[in-house]
Every structure is written in C-alpha cells, then in structure tokens.
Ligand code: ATP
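The chain below stands alone and is given as structure tokens, in the form predicted alone.
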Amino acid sequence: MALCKRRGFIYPASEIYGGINGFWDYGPLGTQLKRNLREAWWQDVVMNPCGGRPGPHGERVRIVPLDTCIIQHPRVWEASGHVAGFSDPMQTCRACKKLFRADHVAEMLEESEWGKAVLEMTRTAAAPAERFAYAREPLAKWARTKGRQLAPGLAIVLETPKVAAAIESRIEASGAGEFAPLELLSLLATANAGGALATPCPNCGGDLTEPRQFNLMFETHTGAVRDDASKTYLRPETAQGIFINFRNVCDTTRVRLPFGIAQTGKAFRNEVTPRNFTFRSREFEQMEIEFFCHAGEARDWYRFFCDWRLAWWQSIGLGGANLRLRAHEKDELAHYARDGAGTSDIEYRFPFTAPGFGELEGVAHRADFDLREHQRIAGAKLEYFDSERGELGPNGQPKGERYLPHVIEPSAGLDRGVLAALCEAYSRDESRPSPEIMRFHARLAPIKAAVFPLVNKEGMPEVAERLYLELCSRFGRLGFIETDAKQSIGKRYARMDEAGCPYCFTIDGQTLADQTVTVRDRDTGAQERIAIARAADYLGAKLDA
C-alpha cells in the first residue's frame, strides 16, 4: 500500500479532506494498469473471444459489447431481487455508534488493536489450563491503563472485578481454561456469569445490537421533486442492464444463440464495512459476460467458461498456487443460481486473506431466472425464437422453438483484478539499491519501456530523445514510454523497478561510437547490448505487440 501511494498507483479518495471510507482514486500508473487489464479483457472476450478457440460443441464463441446506464428504472431492481433481498446483516455499537457487518465482526475483533493485545496476553501461559489465571493480573492492569483508551466500552474495562469473577465462575462450571479467540474476547464483554456471551464492538468493545438487514443499494432521485415516486438507485451490478436489453440486441444484430453480451462499467454498493484496501469498496468496476444458450447446453457452457476464465487469469500472470477455482457448496448458492448447474469462484490468495482466498471472478449458471422475472414484472416478451430447433416439418426442416435462454455469467471485478496483479507483482530483492520490484506481466505493465541517457551531456540526451520518440510512436498505445536524465543510473533503474517497467534502454559513450544501446531486464537485472536500430523491434518482440 505504501508503494502504491508513493509511485502513483492508488491514492485515498478525497485525501486532503481526511479521506472517505470505501473509495479510492487511481494515480497515473494505476490508471494505466487498470486500463491495460480492462483492455486485455476486452480484446480477449469481445474482439477475439477465447483467441478463436471453439466452444464446447465446436462452434465459434460469439460475444457482442454493450454499455448501459448506471441509473435504470427502479422496477429493474425489483425484478432482479435487489430491492427485497440485496442486504447484509448489520450490527450497530450502542456506545460508539459504528456499523459493522455481522459476518465480519469475529474477524475484525481478532484484527483490532485491543483484540490483538488481549489475545497476546493470554498466549503467554505455559499450559492451556492456566491461561486465564496467568493472564488475570495483566488483563486487570491493561483494563486500568491501555484498555481505557483502546476499548473504553468493554465490560472488563468498566467493571473489572465483576467480569473477572464471571469468567472464573464459567471456568469452574465448565472446567475450561482455554478459549477460542472469539470466545475469550466475548467473555471480556460479558459481566453475567450465567448469561449468553456478548460479542463486543471491534472498535470500542461496547455492546452491539442484534443483527438487522441493511440494503446495500445507494438511493438517489431523478427530477426536481424528491419523493418515493422519483426514487432510483445507483446500479449494484452491471448485469441487469444486459438482461433488459437482450431483446434489443437480438432484434438489431445478426447474432444467434448461443451468444454472449459483455459490458464493463461502474457499480456501487453501500458496504457496511469496506476494508482490505480496494478489495471491498463502495464504488468499483466490473467486467461481466452474460452468455445466453439453450437449457440443454447450459452445463457444457458452464464448464467451458470455468476453464476458460481460470486460464485467462493465468495467462496474464496470476498462475501458481495463489490462484484456484472453487465450486460453491449448495448453501452458498445465490437465489438466481439454485436452479442451475451451480456457481464457481476463481479465487486469489490475497495477503489479507492468506492462507485463505478471496473472490476474483464468479462463474454462475443463472438459469432463466433474470429473463423470466423481467418478463413477468415488465410484461414484455423476452423469449427467443430458435429456428434451428423444434419438431421437423413436412419439408424435413425444424419448425423452430420459442424459449427463455439460460444464462452463464462470468463476472469479474476489475478493481480486484488490479489488486491481485499488484499483489502478485510485488517482490523484494535485497541485493538491489531499491529492494521493491513490481514484476508485472508485460501486457499489464503501465510503463512499457524507459530510455535513459547515462549522463545529461555529450550528445547522449539527443540520441535518447530520438529513441524515446520512436518507441512512443510505436508502443504509446500500450502504455507509457519514459525518459529521464536526472540522478544516477542506478536510482533511475530503481524507480523503474518500483513502477514495474520491464525494459530500460541506456544511451552511453559506446552508443555514440558504435550505435548500440544497453538493454536492462527488470526481472533479472541482466544487461545486453543491441543495435539502436533494433531497439523498437526488440521491445515489440518482448511485448508481443
């Protein structure tokens, strides 16, 4: 995160005003990195799906683009189920008034400053059965001192003797001396020896309300009057804009089932507890495909997309043990996938989820849920007439079949993809002047090459400028080409390593004598000399452009 800020990948939004939780801005390098990932997805999904590889039945994969509005008619979200069911269980602290997602509280407690301090004190005992007895005095001291600042609402801080006695009563009654982390932290919040354990607030240790549902959609109003009739929502996903335009796409293009519609764009969710850098934020960008097919072919297409999408992330540098495909259990399935073949997540092992994984892209068989609900709510016919199916007529040709297609949805988070690329690229080499190196895949690297004159004199800057302009004219569409004459060459190399630039071309005294340049490889630090006339072709071969 420090490197992202220092090198201009990601900034806190509204930072000069103290920031705003759940929102992030992309700096110059981050903007280009995000654009490169989006463009790689667009080229490989829309312009040349699967690199020309055929689908599960040997046919060409057809996908067309779409760009729909962020604000749609409010009944769109009734049909999709978002108005009634798009919510998270939320708890509020009665002391500090902070809001928390109920399913995040346990993890947040263990990660909180006061929770870590308490758990560390209880880990110092030699034998598990002695842990609380050993830690009682340190805990009492902590409650009188640091606890007042870190967790002023915690019961053991407010009523130290009473809570300590209640914990000892529980130990005597159960014979337990060792507690799970959440159980121990809950004991410290519970003054009643025989009552149910209270889950404390991760922020202040205070009392949390019972969970209640909280709708995640951002509300707004259209027109001059703010009332229920003018209430609309910022879209929580891009998928519904595709579903409500399915009929339009069929009527105005020559695509035939099976085919997909792809879209990238902003979505908004009023997350109760945005966290883990850009992983869970309130404004984010999605890259989604809705692939429409006959119900009888849906399972084959579902397996096809699971394999393709995993291979695609691997192709841009996220391979290895940090990437996996995981099928959802039955109790995890969303309402729209319960009648389908299932849902699988492509997951990445982020540093904040390790040793576990976090979702990067989901592939879901949504069955015909969305088209069926929009057809019902809107009263519009969304069935597809397939002239190549149905019973055979007297002429031996199919009579045709009218049906609602099933949908396979590969839905990826662009911001999560950028975060995964940053995490995967980050590495350290203590032997270098700057040990931090961003080993981006060449396709994603925001800076494709840098051109450096060794010294800012003797005609070297002029030669460097000519090479810089040549590389810009050929590769500028792919990313930045940098040039810099300041500081030592080692420091310039170090800056490029931190920015993830894969190749640096250095103009030196030998260049002036024999028209060769030094090329330095970011990953290995190795250098070789090539003719300056070959520099553009050399870079093109490395970038495969």
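This is a predicted model, so every value here is computed, not measured. Just count from 1 along the sequence shown to find any residue number.
Only in words, not in the display: the form predicted together with the named molecule, which the text now covers.
- Per the 4.5 Å heavy atom criterion, the named molecule in the model of the complex is contacted by stretch 358 to 366, the sole one of 358 to 366, 388 to 396, 239 to 247, 458 to 466.
- Proximity to the named molecule in the model of the complex holds for all of T278, Q286 and A412, with the criterion being a heavy atom within 4.5 Å.
- Comment: the named molecule is not present in this chain, but in the model of the complex one of R443, R101, R170, R309 has a heavy atom within 4.5 Å of it, namely R101.
- Note on contacts: among E297, E271, D207, E347, the single residue with a heavy atom within 4.5 Å of the named molecule in the model of the complex is E271.
- When the named molecule is considered in the model of the complex, R416 lines it closely, a heavy atom lying within 4.5 Å.
- Contacts with the named molecule in the model of the complex, taken as any heavy atom within 4.5 Å, map to no residue of 516 to 540.
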